[in-house]
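One chain comes next, on its own, written as structure tokens: the form predicted alone.
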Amino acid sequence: MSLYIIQGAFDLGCMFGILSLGVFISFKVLNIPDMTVDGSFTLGAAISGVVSLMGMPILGIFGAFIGGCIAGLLCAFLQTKLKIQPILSGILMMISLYSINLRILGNSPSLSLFGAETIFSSLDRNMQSLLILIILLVIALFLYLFLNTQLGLSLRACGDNEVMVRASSINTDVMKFIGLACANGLVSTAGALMAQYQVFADSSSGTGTLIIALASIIIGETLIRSFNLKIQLISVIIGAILYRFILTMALQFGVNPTDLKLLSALLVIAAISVPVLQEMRQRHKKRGAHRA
């Protein structure tokens, strides 16, 4: 692989890292399988693209974050107030956001940012990579600090044992509102950065983003096992970058781009299976030792 391809894979891996940190909040912290992310990723790309065409790319990033937060709040409303199951509420939001995203894109499946000002326009390739890395690290730092505050600890406790948290007079509904808003806000931010980086926003760009994030989280956990929050966040970032490099290498070896979603699913299955296979191997060794 050329240096250009490696650098491109690193950049995309860092943006996947922001996406994965968002899913980490919903999937690992709150223990909620939130399907909204497939729609909120595209929502961020659409908002960022439209605002960038107006000459305000930085505002587009912040607008995308706010848009994602609103999507997360609506999903939490469906779960907590209307008592809709988490998976179903996420699917409903994902379907709704598809139409909303098309509206934002002007009823067009894609939006070109060619010639428009983006946060990467005036930077060379190395500075672009540095900027993406800095944004990722700042987000990870803020997330770490937030999850160690009193509010953040309550959020983590809600995901661990919701019944116990309610008994401690903590409003679990509020925790879900905050958690899902933050999660989808980060996912939308990743979509916004991706749109400005690739110079286009596409209505189908969010398809499979949940699988991408889960693959990154699980790969990171498989390589680095720890209950320490700081290490967990680092593992998510490493997993995202490694995941992108795996896909890039697969493309270099001639894998059809249309098969990447299948490869992503296989990577998730393989990563999940590793601990199970290790446990089975240990049991087999113990049985062999007892027979001997």
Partner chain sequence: MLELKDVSLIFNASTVHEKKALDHFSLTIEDGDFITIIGSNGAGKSTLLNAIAGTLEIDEGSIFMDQKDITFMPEHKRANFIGRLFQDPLKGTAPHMSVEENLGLAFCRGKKYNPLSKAIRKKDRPLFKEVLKPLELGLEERLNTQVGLLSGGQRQALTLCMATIVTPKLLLLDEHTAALDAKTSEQVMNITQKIVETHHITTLMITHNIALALKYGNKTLVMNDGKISFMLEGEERKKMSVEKLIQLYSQKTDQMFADRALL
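Owing to the predicted nature of the structure, the values given are computational and were not obtained by experimental measurement. Numbering follows the first chain given and starts at 1.
Although not depicted, the form predicted in complex with its partner chain is the subject of the following passage.
Note on the partner interface in the model of the complex: the residue among Ser99, Ser168, Ser112, Ser108 having a heavy atom within 4.5 angstroms of its partner chain is Ser168. For the options Leu153, Ile211, Leu88, Leu123, the one in contact with its partner chain in the model of the complex, meaning a heavy atom within 4.5 Å, is Leu153.
Contact with its partner chain, judged by heavy atoms within 4.5 Å in the model of the complex, is confined among 127-135, 112-120, 157-165, 201-209 to 157-165. The three marked residues, Phe146, Thr149 and Phe227, each reach its partner chain in the model of the complex, with a heavy atom inside 4.5 Å.
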